[in-house]
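In the form predicted on its own, a lone chain appears below as structure tokens.
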């Protein structure tokens, strides 16, 4: 492709609407253009990068034995009602009626559709295992679409679904997909971690997110610095602390704490550490109040709380409503005598003789003990992990970093097959539900995540495997016939050798060409200028490290071939 013929409307300044790096650079580099909120047109360079990711995904899914299909984007409401998600999914599901008043939605995901397809066509264990995937546009009506391709309403996604006859088969398929995802993101040239994750609205028993590590990531990832443990904050756990040993319950005592409401105020007043205090917070679980008991130096993880209670939504109650909900003043709440369901964090269970609010203004209780003084209605891990915690697997030091979710795999079990009555006959002729898995990759989001991870002040630094072009060839003196002839020869030679090359043949100053080359992030820059005319030398510059070397044309071509070959893993046969 020639730069002079390419639709590439670059911008000199960051667009006002763009907040994150990838959004700014994709707009400035002419990769995308906004149509409406959260919906973008892909221009040639943007589409080329997306297609690169798609191809890697397709090759690795085929290598793992999956088969590609293409499912309808418009889905009937009846299927979603069968699964129970028509109301549960919420306002992100774009619902509409056709001319016959039949309700449908634009597919944000395809569990219902794929399960319906399989239940109509696979009736025996002989058709299993089955693993199907598609690469398709999805639509989710985000309340605040932002960050360009990072969180849009319309996006390109790979979603896959597996069907097995039993749990052992489903576990084997899950492991196979886990390895396929490891290969996909490795081949894309990304630094990433697979982390344990919550299953969310998709459902299922367990899942992993694949996170591209980036300082600008919107998600916090907990990783062990000594083993391969990694999880997001919604799922992360810490090594359990030993229960208080030899602490016999002391007599319960009420003490005056005038004006002392916050954890820090009470701890300073009573001269105790925060880990010796249990705070009581009121949450609304699907509108009903619950009292959450947590160590003073810990914080609630709302998704963990929601999952423990089996609630659709949990929100922290407003201060001005706490008295009405509990009969006790805000700032002095405690579990003893509180007539609200109690939810106790697992860390509190190992504590003894701790301090809580007395449910009376300006007073706290000392020497509170679970079991003797109160009995929780629910108990479990509901707290946020922090950097002072130790790894639950090896006891090593945990670290909190940031990441961008680009892939998510779920072991669904039979939740969808049972809801949709999707069954097969096993070897004994018994009807059984399919055991399912679900595997997604945000294809367009992966392009944005790569930019968030790899960029500098001058622009994008694309990993070579997903760059729109592998080489940008700069004709630095287009009015010179000898230089232009050599640029054309190199352009033809590179293309004949299967190298993807963009020839900058514009009549522009070298400085402008350098700026545009850096902005769009092509990994290898080959320059033909006066050095070639005077000394027969070309310049090769790598975008990632900025290193420049000189070489004869033949040597330069050999260097480029080697660089491309080293960066690309050959596609395996399906």
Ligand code: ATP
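Residue numbers count along the first chain shown, from 1. All figures in this text were calculated on a predicted structure; none of them were measured in a lab.
Keep in mind that the form predicted in complex with this ligand is not shown, yet the notes after this line are about it.
Put simply, of 440, 459, 129, 334 only one has a heavy atom within 4.5 Å of this ligand in the model of the complex, and it is 440. Listed residues 408, 279, 455, 298 were compared with this ligand in the model of the complex; 408 is the one with a heavy atom within 4.5 Å.
The shortest heavy atom separation between residue 152 and this ligand in the model of the complex is within 4.5 Å. Contact check for residue 142: a heavy atom falls within 4.5 Å of this ligand in the model of the complex. Contact check for residue 110: no non-hydrogen atom falls within 4.5 Å of this ligand in the model of the complex. Contact annotation: residue 490 falls outside 4.5 Å of this ligand in the model of the complex, judged by heavy atom distances. Only one segment in the set 154-162, 467-475, 187-195, 417-425 has any non-hydrogen atom within 4.5 angstroms of this ligand in the model of the complex, and it is 154-162.
In this stretch, 444-471, the one residue having a heavy atom within 4.5 Å of this ligand in the model of the complex is 445; the partner itself is omitted from this view.
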